[in-house]
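Just one chain is shown here, as structure tokens, and it is the form predicted on its own.
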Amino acid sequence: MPHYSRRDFIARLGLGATALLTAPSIISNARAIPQDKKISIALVGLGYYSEFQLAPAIMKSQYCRLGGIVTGTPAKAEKWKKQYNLPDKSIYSYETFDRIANNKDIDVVYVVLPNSMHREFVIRAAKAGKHVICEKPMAVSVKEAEEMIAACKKAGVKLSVGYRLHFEPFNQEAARFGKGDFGKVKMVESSFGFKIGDPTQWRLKKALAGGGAMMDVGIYAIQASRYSTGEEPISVTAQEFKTDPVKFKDVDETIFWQLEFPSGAVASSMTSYASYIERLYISAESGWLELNPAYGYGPLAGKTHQGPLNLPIVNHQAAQMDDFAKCIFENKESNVSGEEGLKDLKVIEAIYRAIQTGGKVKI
């Protein structure tokens, strides 16, 4: 079997022939959004996600435009400059990034860098007076996340985390299902894993990634458990396994974990860099919901005990960024704020502690 990259796996269903919408209904109730102005976003880091997901999504969005880029590769800067007609004043290197403070044409900085670099560039963006979107996980530790939140609050800028699935209809339905239409949620199964490729990539280096599968796709499973129950977990047990200790000598390969919630609901989850799994199953007192595939770029699919879910197919990232634009225009906090990212990191740190101790850890 060939080795696939993370991007191959998440995007394997493709955007191809499926007509992608930008979910205008998500922001149709916005007040006082000026129709002649768009929020200008500068992408920091021009890897696959920026090039093939975020930039195209900005082009599909209603309230955003690509206003600048930050890259350490001159060839990329030149390519993007021509492709998106970007002015020289809005093209930065990592060394010149702080000059963005003087660029009134840029409203938002979107940090799309290896996990260990998130803290530095979020704080630098905040000091430059720019609102910030940070890819998940927002940091490699709870301490770093708290520092990032504090820096943005001090600077008076908004901080959002790239949780695109909060704006995706199938996952929105999972969150609605968990609110009790079919009784209390009793059990959740949420898992996301894939077979990672290139052994030299940054995701397999702890200094850059902060961890392995857990810090990458595992966070989707944690998120799903939280929004499916509508609760925050109170304790966790966890187990780690490695089928390839050489390739995964620096980071976790496969982790299973079990969460307990205040209502008595439980979640059983796993993440892996060694095998393929992508599923969310919610069992309530008088019904169930399943998403499979659940977390990729789409199209996603799902069903309940009543039959298939027929929901719109949207561009997740466009909907996500349009919602943040709405937050800026209306001066309100994002539903996927830094505090939301902090909650996931508290769970992740508890999972790692549970692995080390072999016992139940309170969250």
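Note that the structure is a prediction, hence the values are computed from the model and not measured. From 1 onward, residues are counted along the sequence shown.
Heads up, the form predicted together with another copy of the chain isn't pictured, but that's what we're talking about next.
Colleague: I'd like to check something about residue 285: if you look in the predicted bound form, is any of its heavy atoms closer than or equal to 4.5 Å to a heavy atom of another copy of the chain?
Modeller: Within the cut-off, so yes.
Colleague: Report yes if any heavy atom of residue 264 sits within 4.5 Å of a heavy atom of another copy of the chain in the predicted bound form; otherwise report no.
Modeller: Yes, residue 264 lies within 4.5 Å of another copy of the chain in the predicted bound form.
Colleague: Could you confirm whether residue 274 comes within 4.5 Å of another copy of the chain in the predicted bound form, counting heavy atoms only?
Modeller: Looking in the predicted bound form, residue contacts with another copy of the chain include residue 274, since a heavy atom lies within 4.5 Å.
Colleague: With a 4.5 Å heavy atom cut-off, would you call residue 189 a contact of another copy of the chain in the predicted bound form?
Modeller: Although another copy of the chain is absent here, residue 189 would touch it in the predicted bound form, with heavy atoms inside 4.5 Å.
Colleague: Hey, with another copy of the chain in the predicted bound form, do 49, 71 and 73 all fall inside the 4.5 Å heavy atom range?
Modeller: Result no, not one residue of the spot touches another copy of the chain.
Colleague: Here the chain is shown alone; which of 239, 93, 90, 201 has a heavy atom within 4.5 Å of another copy of the chain in the predicted bound form?
Modeller: Going through each option in turn, the one that passes is 239.
Colleague: Only one of 292, 103, 172, 141 comes within 4.5 Å of another copy of the chain in the predicted bound form by heavy atoms, so just point that one out.
Modeller: Selected residue: 292.
Colleague: Among 106-114, 222-230, 204-212, 254-262, which stretch sits within 4.5 Å of another copy of the chain in the predicted bound form, heavy atoms only?
Modeller: Looking at the partner contacts, the answer comes out as 254-262.
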